[in-house]
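In structure tokens, one chain follows: the form predicted alone.
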């Protein structure tokens, strides 16, 4: 790995936000999921979660994601209940993009707290079960004839508001990943094939030098 490549990877990883994530519920259109992943990469989201109650496969279109699936971890769940429970156990507050009487303007949320944004299926939105289990509902005010945005566009609007708040709070000015996760991730990003071989053998990754070279 060239030193300039290593430097770029570190710059990106230094700004990753482990306590900001997206949870999608039955977002099956690959174009939409890939676009969401691309936006997550752009705002520094470290990992996202996807629920698919109809299939174990979460498809993405690489031409839309443009490689961002390599930089954003994707965790899949078979049930929305267990996904929400897991995120709550990890300390996240979950806000569903959902039109209801309780919904508030998405800009009223404090995204500097550990936050997960729940986005529902393209046609139906989030399920009633999900809506009842989250910490709140948010909406993007519409001033035209349409009632809502495309799910990937809505994700971008909300995530960039989260980014704005976190930039103002200085969250991108310091490394926020724990040391172990950081070292594992930088190795996997820089040496994906070698990392895969070590995982197959059950071996730890070797350390990296100051310019990204493998030591030992």
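All values reported here derive from a predicted model rather than from experimental measurement. Residue numbers count along the first chain shown, from 1.
This protein has a second form, the form predicted together with a small molecule, left out of what is shown; the following refers to that one.
At the 4.5 Å threshold, heavy atoms of residue 175 stay clear of the small molecule in the predicted complex, well away from it. Interface residue remark: residue 186 is not counted as part of the site for the small molecule in the predicted complex, having no heavy atom within 4.5 Å. At least one heavy atom of residue 125 is located within 4.5 Å of the small molecule in the predicted complex. In the predicted complex, the small molecule stays beyond 4.5 Å of every heavy atom belonging to residue 156. The contact with the small molecule in the predicted complex, taken as any heavy atom within 4.5 Å, belongs to 140 out of 131, 140, 74, 94. 148 is the sole member of 181, 148, 53, 47 with a non-hydrogen atom lying within 4.5 angstroms of the small molecule in the predicted complex.
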